[in-house]
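Starting off, we have a lone chain in the form predicted on its own, written out as structure tokens.
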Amino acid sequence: MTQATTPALPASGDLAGLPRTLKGKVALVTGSTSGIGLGIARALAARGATLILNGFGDAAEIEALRAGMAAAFHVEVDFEPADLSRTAEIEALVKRVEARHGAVNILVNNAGIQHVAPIDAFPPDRWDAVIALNLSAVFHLTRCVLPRMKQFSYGRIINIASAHGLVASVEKAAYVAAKHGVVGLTKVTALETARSGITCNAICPGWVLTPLVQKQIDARAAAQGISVQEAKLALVGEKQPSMEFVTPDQLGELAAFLCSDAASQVRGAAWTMDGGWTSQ
């Protein structure tokens, strides 16, 4: 889903005092102005990484977010508004980051959009848009950052796939196809870099309580005349046996682990964090 902006940085006290294990590393996190991407960006910044944020939204709100993260975590934070559905903008983005910082050491491919419709009513332009951002952008960003990663014999590529990268749901043809493609691309990238200091893994979240999902919950509550809590349980209960949402902060901690030395032999994994969704 498209990441919406948020006007203020969430409280960061829970991340205070963490070891600065990623100091000196440059992390590009796409779709990082809200939701999952923001949770991951916070976790990497808390460990000392220089951050490159990316996403769409109100310029003033994004600047407040950027400045707030820099102050809270005492790291350099840049913002890049590149449209990742356009190959030329991806290539230009990576060149700008490399010119300023030397390399992208950590790439988190998180940006994405969704469209829901039956296959025979799925608008071709929406199919193309979902595939372009959710799959092709992952390929192009990976393609562009790998040469410098190889040069420095270090890299961490984390692709945010989905439970829908492993299983399907109706009326989500483009999203499911793209996320299955991301899982496959992750495995190929891991194999091609297996004898290097570069790792590539996918994280496959289930339902995550982001601002966009909260809007779905609120809409369901209003439409069905039930409480927000009842709507929340109904939504998550359709897929996740745990009856609990995954949080962006939990995903951030998993991403931080995958960037660590302890995860140097985690390669090509499709790591689920889905409350049991894909175990059924």
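Bear in mind the structure is a predicted one, so any value in this text is a computation, not a measurement. Residues carry their position along the shown sequence, with the first being 1.
One more form of this protein, predicted together with ligand NAD, exists but is not displayed; see below.
Of the candidate stretches 97-105, 111-119, 190-198, 143-151, only 111-119 has residues whose heavy atoms lie within 4.5 Å of ligand NAD in the predicted bound form. In the predicted bound form, no residue of the candidate spot (166, 177 and 257) has a heavy atom lying within 4.5 Å of ligand NAD. Although the partner is absent here, residue 202 sits far enough away that none of its heavy atoms falls within 4.5 Å of ligand NAD in the predicted bound form. Using a 4.5 angstroms limit between non-hydrogen atoms, residue 133 touches ligand NAD in the predicted bound form. Interface residue remark: residue 67 is not counted as part of the site for ligand NAD in the predicted bound form, having no heavy atom within 4.5 Å.
Contact between residue 211 and ligand NAD in the predicted bound form is found at the 4.5 Å heavy atom cutoff. Counting a residue when any of its non-hydrogen atoms is within 4.5 Å of ligand NAD in the predicted bound form, the hits in 150-175 run 160, 161, 162, 175.
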